[in-house]
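One chain comes next, on its own, written out as structure tokens in the form predicted on its own.
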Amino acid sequence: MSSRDTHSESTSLSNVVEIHRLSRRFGVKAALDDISLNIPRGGVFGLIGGNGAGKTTLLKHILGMHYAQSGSVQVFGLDPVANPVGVLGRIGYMSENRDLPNWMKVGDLLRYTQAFFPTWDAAYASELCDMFDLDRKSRVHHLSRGQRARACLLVALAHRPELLVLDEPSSGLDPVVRRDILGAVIRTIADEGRTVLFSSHLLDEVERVADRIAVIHQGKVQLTGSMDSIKDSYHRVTVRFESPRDQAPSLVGSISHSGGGNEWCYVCCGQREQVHRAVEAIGASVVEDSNLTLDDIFVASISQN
């Protein structure tokens, strides 16, 4: 598996988003550094990275809020900066900042947003309003942080977009709402053949709902691929030597190691059979071979560089 791209994806009409060698600098800081990434149509795609990794900057390029200083961005086969009309009407967006007009009531907000989207589904908007427990007569200014997040999600969903872009969607939502509402909404959209792209630092949430992921670190894509293939490729192997070792012998495919004496633990990336053969080659035997959590994989992937 390559550290840059777990599975190369050919450019095709099946991709909702195609990013090729995209770079963006703010002064001397490289926010995005030669990023290439394809997001296929249908399913849930999770962007993982710490604060300042470049997730929000990447989303803003997809939404046409930033132009590509170098490289290219295409959404539905179109440049979102050059053709915003052909792109933005097909996207639902929930920003991390939860930007909403404070002076409006929730009901006014729905009617106002409806005017921008010919595909707005008023019945669905009303259903979501009830599901999210939002009072149509409440002013946005008086909404709690969680209610504001739900209102943002509602207006992003109600026109049934082909692509739903969520920037840290769980911020401000309590765990029950995150699990029961956000998780259900995301899976429903994916099951309908539409696409969800969301960024999050909550790796357990990403692991629960995402079909594919990309790990972004310091403006670079460190790892991308399907959730299943990535989880199958990373594992923790405990090995035992017949005699104690002062240092862990080098093991092909290992990323890190710990332990001492006769028993050492390696975090590995690669096919199990290959790793097991490499263990035999250094004169050891496998004691245990276990899968990693997405949190462990994230730490391992950013530690490789």
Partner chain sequence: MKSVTQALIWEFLHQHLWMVLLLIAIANTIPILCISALKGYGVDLDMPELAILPTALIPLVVFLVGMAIAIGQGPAARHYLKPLSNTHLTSTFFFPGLVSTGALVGLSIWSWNLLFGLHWPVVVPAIYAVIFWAALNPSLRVAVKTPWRIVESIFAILVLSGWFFGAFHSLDKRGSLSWAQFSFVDMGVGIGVVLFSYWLCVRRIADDRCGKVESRSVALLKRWLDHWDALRGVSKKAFSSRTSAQTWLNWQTLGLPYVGGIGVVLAMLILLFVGMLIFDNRDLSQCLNEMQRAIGSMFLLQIIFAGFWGLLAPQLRLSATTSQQLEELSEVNRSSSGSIDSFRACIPISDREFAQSILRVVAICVVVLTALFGLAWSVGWILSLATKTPLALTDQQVGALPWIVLGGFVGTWAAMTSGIMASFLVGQDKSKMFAGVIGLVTAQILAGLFLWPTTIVIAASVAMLMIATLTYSAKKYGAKSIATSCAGAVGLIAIALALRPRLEEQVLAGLFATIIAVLAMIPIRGLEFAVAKSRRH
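Please read all numbers here as calculations on a predicted model, not as lab measurements. Numbering follows the first chain given and starts at 1.
What comes next is about the form predicted together with its partner chain, which is not displayed.
- When contacts are judged by a 4.5 Å heavy atom cut-off, Arg145 does not count as touching its partner chain in the model of the complex.
- Contact check for Pro101: a heavy atom falls within 4.5 Å of its partner chain in the model of the complex.
- Taking non-hydrogen atoms only, Gly77 never approaches its partner chain to within 4.5 angstroms in the model of the complex.
- Its partner chain is not drawn, but in the model of the complex it has a heavy atom within 4.5 Å of Ala30.
- Only one of the listed residues (Ile39, Leu63, Val237, Ile35) places a non-hydrogen atom within 4.5 angstroms of its partner chain in the model of the complex, and that residue is Leu63.
- Contact annotation: of the candidates Arg194, Arg139, Arg179, Arg208, the single residue with a non-hydrogen atom within 4.5 angstroms of its partner chain in the model of the complex is Arg139.
- If you check its partner chain in the model of the complex, you find a heavy atom from every one of Leu88, Ser95 and Phe117 within 4.5 Å.
- Here the chain stands by itself, but in the model of the complex one stretch of 271-279, 251-259, 237-245, 50-58, 50-58, has heavy atoms within 4.5 Å of its partner chain.
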